[in-house]
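The chain that follows stands alone, in the form predicted alone, written as structure tokens.
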Amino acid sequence: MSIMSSCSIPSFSSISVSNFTYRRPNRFICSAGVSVAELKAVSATEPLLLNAVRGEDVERPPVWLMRQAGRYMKSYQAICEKHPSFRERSENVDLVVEISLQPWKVFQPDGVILFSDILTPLPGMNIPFDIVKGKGPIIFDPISTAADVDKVREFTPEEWVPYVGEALTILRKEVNNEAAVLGFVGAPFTLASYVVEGGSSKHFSKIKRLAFSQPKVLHALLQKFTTSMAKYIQYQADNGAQAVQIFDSWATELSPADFEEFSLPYLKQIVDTVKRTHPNLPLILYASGSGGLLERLPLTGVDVVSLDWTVDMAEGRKRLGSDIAVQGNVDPGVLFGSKDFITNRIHDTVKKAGKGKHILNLGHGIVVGTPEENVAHFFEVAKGLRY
């Protein structure tokens, strides 16, 4: 994004809430639609999000939202009408870039995440799937035996998803270091859950039957996903991703003991592998409903643990320790509340997180039907905060 315009000094209205001062510009004052604060961010050598994760002194917590590009946006709905297939939208370079940039152009978040899906690598691993409107992901040939696992190939990103690399490269140029470009992958246990269950699941009976009756089969599958996702993260980083989030959405269906067997060692292996080649790449781990596993998550070696809203931020900070950064964790449902309610929840979360090493986010993705103007208000308040 080039900035070629003259700017005048903006006027601000100040609002004090708790221990924070929120300075809201009364209007944008640059002809290019960019505020002085944003111009200052452009001149920074590194995006705010990266500085915050590394524990450097920052003036406010960076902010982005999971599923910030999605169905709550009218501009996204318009694309869906023209391109009803999710896989087309997520596997076409031009569409991926356009959709990824939609929230960037409207809200200017501090993180711009690639529009994709954690299941995108599956065809390249010889696991055919589709995403059906109203049903979600469908795995055509669910895995249940050692012979099935033998058919699974290790993933070669540059061969199977070149559009991901191309899209990330374009996003880096478009965003121009004004925000961090984020990639993401699915964690081994979560991916295994989808391909064994045949799609989404309520009780996870099939993956648990495999885990507890044929653990060697599941471990073999998990290892293939581990090797493949480490390569996928490296590929994303090589093509422009400045941080990568690992989604282990279903690991919290495991008991702590089973998490330590079927998820933790594979997450740690991914982190160790990536850090050998990309030691400065921030890795974020998100597992919804992770309250019972919280102390185990830093053992993976990730740089950031993303909390969901069922964990009190202050308690989460205390349980995780000061060495690791946190992300989150406003309840997505808060965005259905009044603007004052949203403002108060943001301030409460930031206060409990404390200064530094915090990325402000939701505790889960934005919910379909969320008022777009409330998302705009969330970003406005968040970007007006100062420590």
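Just count from 1 along the sequence shown to find any residue number. Everything numeric here is computed off the predicted structure, so don't read it as measured data.
What follows is about the form predicted in complex with coproporphyrinogen III, which we do not show.
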{"item": "In the model of the complex, Asp117 touching coproporphyrinogen III (heavy atom, 4.5 Å)", "value": "yes"}
{"item": "Coproporphyrinogen III contact in the model of the complex: Arg345, any heavy atom under 4.5 Å", "value": "no"}
{"item": "Non-hydrogen atom contact Gly136 with coproporphyrinogen III in the model of the complex at 4.5 angstroms", "value": "yes"}
{"item": "Non-hydrogen atom contact Arg67 with coproporphyrinogen III in the model of the complex at 4.5 angstroms", "value": "yes"}
{"item": "Sole residue of Arg153, Lys82, Arg71, Lys216 within 4.5 Å of coproporphyrinogen III in the model of the complex, by heavy atom", "value": "Arg71"}
{"item": "Sole residue of Phe262, Tyr194, Tyr235, Trp104 within 4.5 Å of coproporphyrinogen III in the model of the complex, by heavy atom", "value": "Tyr194"}
{"item": "All of Trp160, Tyr163 and Ala243 with a heavy atom within 4.5 Å of coproporphyrinogen III in the model of the complex", "value": "no"}
{"item": "Contact segment among 269-277, 108-116, 221-229, 296-304, judged by heavy atoms lying within 4.5 Å of coproporphyrinogen III in the model of the complex", "value": "108-116"}
{"item": "Any residue of 241-263 that, in the model of the complex, places a heavy atom within 4.5 Å of coproporphyrinogen III", "value": "Phe247, Ser249, Trp250"}
